[in-house]
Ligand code: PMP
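The chain below stands alone, shown as structure tokens; this is the form predicted on its own.
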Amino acid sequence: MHSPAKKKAPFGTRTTAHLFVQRYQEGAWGPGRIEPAAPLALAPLTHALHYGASIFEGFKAHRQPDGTLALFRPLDHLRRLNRSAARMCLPQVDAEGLARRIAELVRTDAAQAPSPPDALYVRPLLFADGAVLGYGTPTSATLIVALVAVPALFKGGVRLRTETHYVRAAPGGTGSAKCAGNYAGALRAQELAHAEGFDEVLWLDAHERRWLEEAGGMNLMLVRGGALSTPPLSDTILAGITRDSLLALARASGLPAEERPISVDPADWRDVSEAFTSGTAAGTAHIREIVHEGRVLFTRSEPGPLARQLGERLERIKFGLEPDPFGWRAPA
């Protein structure tokens, strides 16, 4: 009998001393500025509060051996922010310019960044701020970038169950956008899974309820027949930057890496030797067990060798402990 999942401490409860703030009006972005962190003043009719036009990103700044900070793949995250913005009818940001301002913000609050293995989480938030009850395409928006010192998550591994009732995303929907509503809509299923002793849910496709997609806010990675395997991207799966990094690391190391559908059929799990999740907050998190409709699809008590190898190398690159042949580290 499994014991209930332990209640985790809140992840990220206090920002550093400053924010970056920029506003979009009349078809153009105004000058952004770094200012002291303070509560937001929003009108009761703020568009995002009523209609959900809100997106965000999340990446990290890591303390390097010389004491400086380096951002991990900031441009890739900000380009993904723009893809989310396009889907949600929000204005595009200047990714390169914003990356420079975020680096400035990180330098401003560098003294509040933690030491390894913890990191400084960078949270860009873009939302429609127009005070109008009418439903339509937003014409004004606010961009905020906050910094939060955070620990790594799921250090002891995770236990997952598939979600067979609720759906996270459907074809043609917003599943590949990092929008607030995707996460709010997932909370009920997560709450029920927690009550059953699981750490997260493993989402299935909306049509057949057979194909595995994401695990909570993380991508799913398997080792199958000695190859790294992950579900192919679609408009129902977020294109994870950590996912992409792990695939690149595997291929650069000569390890087979594939993107192929993964079902709940027992035959698909016969040669699965490792399972883990990937995401910015948790990095790589070992999956201890996956349960589908009461049947165990996968179980392993300790992380496997390939997951450990890829996860540790990725962390060493992030923290400047080995060379970065991919150009992923961006100095702050």
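Quantities reported herein were computed from a predicted structural model and do not represent experimental measurements. In this text, residue numbers run from 1 along the sequence as written.
We do not show the form predicted in complex with the ligand, though everything after this point is about it.
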State yes or no: in the model of the complex, is some non-hydrogen atom of Gly130 no more than 4.5 angstroms from a non-hydrogen atom of the ligand? no
Taking 4.5 angstroms as the cut-off for heavy atoms, does Gly217 touch the ligand in the model of the complex? yes
Taking the ligand as it sits in the model of the complex, is Asn82 in contact with it (heavy atom to heavy atom, 4.5 Å or less)? no
When the contact criterion is heavy atoms within 4.5 Å, does Thr280 count as touching the ligand in the model of the complex? yes
So which of Pro91, Pro231, Gly240, Pro124 reaches within 4.5 angstroms of the ligand in the model of the complex, heavy atom to heavy atom? Gly240
Verify the flagged residues His77, Arg168 and Tyr183 against the ligand in the model of the complex: is each one within 4.5 Å by a non-hydrogen atom? yes
Residues in which of 298-306, 36-44, 272-280, 63-71 have heavy atoms within 4.5 Å of the ligand in the model of the complex? 272-280
